[in-house]
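The chain below stands alone and is given as C-alpha cells, in the form predicted alone.
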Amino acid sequence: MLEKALKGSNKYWIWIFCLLGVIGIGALTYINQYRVGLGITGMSRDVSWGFYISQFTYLVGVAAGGVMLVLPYYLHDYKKFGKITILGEFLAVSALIMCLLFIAADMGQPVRAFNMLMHPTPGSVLFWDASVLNGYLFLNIIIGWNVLEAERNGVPTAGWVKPLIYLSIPFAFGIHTVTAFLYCGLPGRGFWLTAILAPRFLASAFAAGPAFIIILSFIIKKVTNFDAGKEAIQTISKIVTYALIANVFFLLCEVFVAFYSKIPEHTAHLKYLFVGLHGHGVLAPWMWTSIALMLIAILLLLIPATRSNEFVLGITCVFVLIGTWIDKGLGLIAGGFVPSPLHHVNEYIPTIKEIFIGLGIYGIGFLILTVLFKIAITIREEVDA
C-alpha cells in the first residue's frame, strides 16, 4: 500500500518538500547539539527538563486522544466513527514517533536509550513509560495497517486483530497515566505533587486529540473527496467539550487546594505562572492566554449554533489546541521547576536552536502523518468508487 503515497498532486508534493526542508533545518541544528551538547539549550541546573520534554508530554496526550474514536466504534458499535477511526489510529502513530524523537533529543546522547534495554529496571516509572509508549505505537501500527488492508481487499478484519484493538484501549489510558506518574512521583516538586495530575493529563488529552482530528478532517475534506460525516464531527466536538470542561475544572481544583491550604511549596509555582514571582513572570501572559482560549472554546462548544458551524468549530478547535499546548507545552514543565526547592527563581526560555530542533521533529511527525493519511484516504476513495 505504500505506493499510494508516491502519487499525488502538485500541492501534495509541495507540502512534502516543505516538510523535508523543515526536517533538514532541524537535522542540521541537532547535529550541532550532538557535537556541542545540551549547552545550546536554555536548560540549566535548576531547570533540567525543557522544551523537548514539554512537547513529549503534550504529544502523548494527542496520541492518547485517539482512543476517543476507537472506544465508541469498537466497544459500543458506533458506526458513525467508521470512516474516521483509522485517522485517529494513524494520528497516534505519528504523535508517538514524535514523542520518542523528543525524548532522544533531550537525552543528548541517544545511545543511552539502549541502557534501558540492556539493564531493565521494573522499579522505575521511566521503564514502564517506555514500555507503554512503544507498546501503544506498535499496536496502532499493526491494527491500523491490517484494518486498512482488509478494507482494501473487501474482506473482514482478521480475528486476531480484535484482541489487539481491545488491548490498545487500556494502553491509551496507560501512556498518559504513566507519564503523569513521572512527574507526580517527584516529592521535591510541589506543582506536580498531586494525585489529580493523571486525570488532568487525560482530560486535556481527550480534548486536544479529538480537536486535532476535527481540524485534520476539515483540511482533508477541503483537499480531497473524503468526508468524515457531519454527525461524526458533531459527536467528536461534544467529546472535546466535556473533556475541556473537566480539564479546566481540575485546574481550578488545584488552584483552590493550593491557596486554601497556603502551603508555600504549592502556591509559589502558581504565583510564578500567573502573576510572576520575585520580579520574574515571563510565562504569565502565556498562561492567561491559555485560560482565555480554553474558556472561549468552552463557551463556543456549549452553544449548539456555534458548535454546528464548521468554520466556527474549526476556529474553536484551534483555540483548544493552542490553549492546551500552552498549559502543557510551556507551563507544566517550567511551572514545576520554577521556583526551585530552595525557592530560587531561575527562569527557562527555549533557545532558537531548541525550537529549530523541535520544528524538525514536528516536520518528521507531519511527514509520517501525511503519508499515512494519503494511503488511508486513497484506499477509502477506491473502495467507495
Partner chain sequence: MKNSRRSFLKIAGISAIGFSMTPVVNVFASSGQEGNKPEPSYSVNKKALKAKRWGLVIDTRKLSEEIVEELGKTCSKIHNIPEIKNKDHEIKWIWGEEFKHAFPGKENEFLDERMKHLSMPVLCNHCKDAPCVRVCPTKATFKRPDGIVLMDFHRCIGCRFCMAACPYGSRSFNFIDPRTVLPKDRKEWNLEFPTRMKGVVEKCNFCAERLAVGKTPACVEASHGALAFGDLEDPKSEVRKLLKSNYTIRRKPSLGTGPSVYYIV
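In this text, all values refer to a predicted model and were calculated from it rather than measured experimentally. Residue numbers count along the first chain shown, from 1.
Another form, the form predicted together with its partner chain, is not on view; read the next lines as being about it.
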Open item on the list: Given the stretches 291 to 299, 209 to 217, 185 to 193, 309 to 317, which is the single one in contact with its partner chain in the predicted bound form, using a heavy atom cutoff of 4.5 Å?
Closed with: 185 to 193
- [ ] Check, residue by residue, if 39, 121 and 127 all come within 4.5 Å of its partner chain in the predicted bound form, counting heavy atoms only.
- [x] yes
- [ ] Classify residue 149 as contacting or not contacting its partner chain in the predicted bound form by the rule of any non-hydrogen atom within 4.5 angstroms, answering yes or no.
- [x] yes
TODO: Find out whether any non-hydrogen atom of residue 116 is located within 4.5 angstroms of its partner chain in the predicted bound form, and reply yes or no.
DONE: yes
TODO: State yes or no: in the predicted bound form, is some non-hydrogen atom of residue 107 no more than 4.5 angstroms from a non-hydrogen atom of its partner chain?
DONE: yes
Open item on the list: Within 4.5 Å, heavy atoms only: does residue 30 come near its partner chain in the predicted bound form?
Closed with: no
TODO: Only one of 79, 238, 221, 112 comes within 4.5 Å of its partner chain in the predicted bound form by heavy atoms, so just point that one out.
DONE: 112
TODO: Let me know the one among 338, 321, 67, 43 whose heavy atoms come within 4.5 Å of its partner chain in the predicted bound form, would you?
DONE: 43
TODO: Heavy atoms within 4.5 Å of its partner chain in the predicted bound form is the criterion; list the residues of 330 to 346 that meet it.
DONE: 337, 341, 342, 343, 344, 346
